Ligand SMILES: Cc1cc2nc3c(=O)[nH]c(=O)nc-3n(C[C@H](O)[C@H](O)[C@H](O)COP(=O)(O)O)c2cc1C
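Next comes just one chain, in structure tokens: the form predicted on its own.
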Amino acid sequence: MQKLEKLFEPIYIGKLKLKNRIVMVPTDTSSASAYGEVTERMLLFHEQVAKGGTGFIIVGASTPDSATGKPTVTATVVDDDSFIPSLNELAEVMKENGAKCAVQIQHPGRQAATPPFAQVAPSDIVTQQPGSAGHERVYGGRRMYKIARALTIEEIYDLIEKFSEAAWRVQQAGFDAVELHGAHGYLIAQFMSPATNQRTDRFGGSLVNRMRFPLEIIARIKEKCGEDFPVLVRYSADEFVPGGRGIEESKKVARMFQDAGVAALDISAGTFDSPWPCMDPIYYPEGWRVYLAEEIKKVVDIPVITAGTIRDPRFAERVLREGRADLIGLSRQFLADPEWAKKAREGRFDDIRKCISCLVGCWQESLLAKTRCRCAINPVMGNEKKFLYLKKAEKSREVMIIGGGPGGMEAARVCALRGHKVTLFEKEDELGGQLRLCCMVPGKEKIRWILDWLRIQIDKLGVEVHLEEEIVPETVKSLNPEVVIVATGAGVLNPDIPGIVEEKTLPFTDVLRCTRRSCKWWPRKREVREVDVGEKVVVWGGGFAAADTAELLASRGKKVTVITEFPEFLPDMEPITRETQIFRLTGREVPGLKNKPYKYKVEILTGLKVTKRVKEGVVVMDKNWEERIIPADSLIIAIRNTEEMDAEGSLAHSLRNIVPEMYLIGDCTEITTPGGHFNIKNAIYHGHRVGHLI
């Protein structure tokens, strides 16, 4: 077992001693009340992170002036003394469990979620509805633009005072430090950046003038809170926007912050005009941002925090050992597993539920939808009141689970934890369901993390797994289980159009095949056997399966055309991952990805209906009823078969008179789930919830 000495070595931030070098960098869990007070859910979540061994927790996104801007509709507010009591309760729950803690103060400026259409900024500038993350397409398809109004000199000094008053309240509430949010294009960042600050007075123009706003805030905080109260600053070392700040100017900024008495620097990247480096979608490699912290560390003597897609404790240890940063910042990783630090210290690396950077629960179905933050792979996060305390079952029961996808495995895990005897049946020769197919797509290897974690957990818990067994009612009757959970998923559409049978047509599942590895779940090692699809391929579908299939085939040098009836491609995918995947398919430029070698020449055709399969290719019809042929050697169908849910449901129907208790979960049912879409988040949520019910 690798010993993580550096990661668990104490360090000082100013005069504040931290027990280890693990930091929960600010994470907006969108959990405060509508008025901005700390809620029970915030207490429960931060308590778990503190109990999990984290040395330093920075509570995210707390506004100093809710009248001019809140970053989310349920952001924490620190603009009045009435918020001190609930903040004090939050500080106490973390400190009582061994963590030092801070609050990040953030004014969103032109990126405010509320109040609507009243945004302020350093300069008059066109902005977009919050949540668009720099895109024209806003969640739900709306396009909304507005002008952020330039602050007057008097208003600037008023905000400086409000920042310092907010810091004083944080100190009074019992927190150990305060952090200023100068990253990601929020108000302080807007003043610092030449891309958004076009002022010609003492707060704009030269670097010295652009830095005046944050430096005067720091000076005023020190006057109110004293020199010994640590002030940290988070800022983007590279904004990845035209005319924005790059690493060389950011080094000068670092020295200016150090000279102003800042205790530590929290290094990030990007703005929400270039959200990809901020949000790190699934394609970004582990620790890709470390180079920015490394460059900043070369020019300052104060501690430097690096953050961004760090998941493995052993990787974090190497970063510290190599002197590239002083502290390791984690954000979404704590949503996935608040016990990361404890498991790392104990060397239980396989037990860490690593964030897969899917942006589904924490972004698409939370902040973009203006609901509470959740996690796709950790159902407890955001549902602490329902799921945090797992009770042992009053009586151990025999539970039979049909289907070994993520929902079925999660149900098996929770049922086994509660003391039930669980048997899991999967008709394929490996566990994972359709998620296992995604792992073959270049750049989506992180999905293996959650599949491997689930497999390891159910193995440790003694779940009996049967592979290559397709269950029929007679099998269930002979086994006579007390409870049956049906998690058989949904199949691929088999369209009834002319020529489909005669010409080469395949489901996407025949194309997306994972590499098999020798292990407990894959007893026979088999390499990938590529399906012969020819050189020209049409992929029919507009969702995740179509995108993954197209990308895999394009990476193998095939000429790929994607056809969808939707007016746009990937309409249900959150916009940051959507734009990243479209970039990888088509080569359209994306800030932060432009230097990476993932450009495939895939043609994406929207608003077309497939009418016929012919020897020469695929016949499609547009909205004007005009037909044409898309040349193709193969047609790959990547459309979910909603009608098959009835067929899959027939298994459940036939079992109703055989078993006394039965549940349907995941894609094989239309049960309403948080977020509405059937995806990894809702499959795992279904499985977890049912595990609590039995």
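Residue indices: 1-based, along the sequence shown. Small disclaimer: the values here were computed from a predicted structure and weren't measured.
Just so you know, the form predicted together with this ligand exists too; it's not on screen, but the next bit is about it.
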| query | finding |
| --- | --- |
| Contact residue in the predicted bound form, from Ile450, Leu553, Leu330, Cys375 (heavy atom within 4.5 Å of this ligand) | Leu330 |
| Partner-contacting position among Lys558, Arg311, Arg220, Lys343 - heavy atom within 4.5 Å of this ligand in the predicted bound form | Arg311 |
| Option from 86-94, 498-506, 295-303, 179-187 whose residues, in the predicted bound form, bring a heavy atom within 4.5 Å of this ligand | 179-187 |
| Partner proximity in the predicted bound form: Arg234 to this ligand, non-hydrogen atom cutoff 4.5 Å | yes |
| Interface membership of Ser268, this ligand in the predicted bound form, 4.5 Å heavy atom rule | yes |
| 4.5 angstroms heavy atom contact with this ligand in the predicted bound form for Leu635 | no |
| Contact flag, Asp28 vs this ligand in the predicted bound form, heavy atom cut 4.5 Å | yes |
| Contact set, 449-470 vs this ligand in the predicted bound form - heavy atom within 4.5 angstroms | none |
